[in-house]
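As structure tokens, one chain now follows by itself in the form predicted on its own.
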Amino acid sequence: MQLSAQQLEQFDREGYLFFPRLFTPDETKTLIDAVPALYARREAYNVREKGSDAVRTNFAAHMYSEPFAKLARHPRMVKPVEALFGEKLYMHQFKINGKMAFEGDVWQWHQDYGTWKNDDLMPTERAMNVAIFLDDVNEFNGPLMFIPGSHKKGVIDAKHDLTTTSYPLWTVNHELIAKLVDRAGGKQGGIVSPKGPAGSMILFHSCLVHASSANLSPFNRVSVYLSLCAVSNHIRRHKRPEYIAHRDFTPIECLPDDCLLKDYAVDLPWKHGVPESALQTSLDVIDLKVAA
């Protein structure tokens, strides 16, 4: 999939692109059908909601689940980001966020690059998020909210919120959020929220400020997020476990476009469990000569 000149201009201006129904119902079904078994696992890579058994985030499914391993190599997701960065990509993070009916908690206002910079020592914001809806997303089940153009602000000073939810996040203060929303149009477009059927995709800048509210509806809102990073921009520290921030900087090689519906061989290195080495962490800066 190639981005048009108009799409490139829109992305530069607003910081995101929305592609309704990019994946077919059959393609999406292969993914959503695999989620319950993944969420049922009692593993460190399943982060559950505060005070609930509902999964908030499942990490690294592409390392042990065949459908998601194929999705991680899908050209509809990888190729546009390669074109934007002009180089090959590696998988910095892979997660299936489960904002489950009645139990899905908020995601505070934040930039994803803020976490990657502060925790992982990612050098610059040459990384991109790609989100795929596995359920229909509507105004009731906690859709993503973006502040258009907020990526132009660059990296924003953030506070490490360790208490609001079960997952720590580097969050942006409310005073600045109000200013950014006002600058983006206030009540007339200062906050946007792409909604659509399962199979839709959002591509958004790692500095775009975003959030989502709690899901008080009876409708699940499960989405997959790929965080794709330019290989030259790989992280410099392993402060977080590898299932959260990956340490393999090998460039992604795409599968054919029909990979979700046909059999293609994929490597599943964690199929029989997460290795102990992936749970080890360090505050040391990576030796770049060794990493290269």
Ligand code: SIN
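Keep in mind it's a predicted model, so treat the numbers as computed, not measured. We number the residues from 1 along the sequence you see.
Below, we refer to the form predicted together with the ligand, which is not included among the displayed structures.
At a distance of at most 4.5 angstroms from the ligand in the model of the complex, none of the three residues Tyr16, Val81 and Glu125 contributes a non-hydrogen atom. Partner proximity in the model of the complex, defined as non-hydrogen atoms within 4.5 angstroms of the ligand, places exactly one of 191-199, 117-125, 72-80, 209-217 at the interface: 209-217.
The ligand is not shown here, but in the model of the complex it comes within 4.5 Å of a heavy atom of Lys99. At a distance threshold of 4.5 angstroms between non-hydrogen atoms, Leu144 is in contact with the ligand in the model of the complex.
In the model of the complex, the ligand lies farther than 4.5 Å from every heavy atom of Tyr39. Put simply, Trp170 is far from the ligand in the model of the complex: not one heavy atom of it is within 4.5 Å. Residues Trp107, His110, Asp112 of 102-136 are found to place at least one heavy atom within 4.5 Å of the ligand in the model of the complex.
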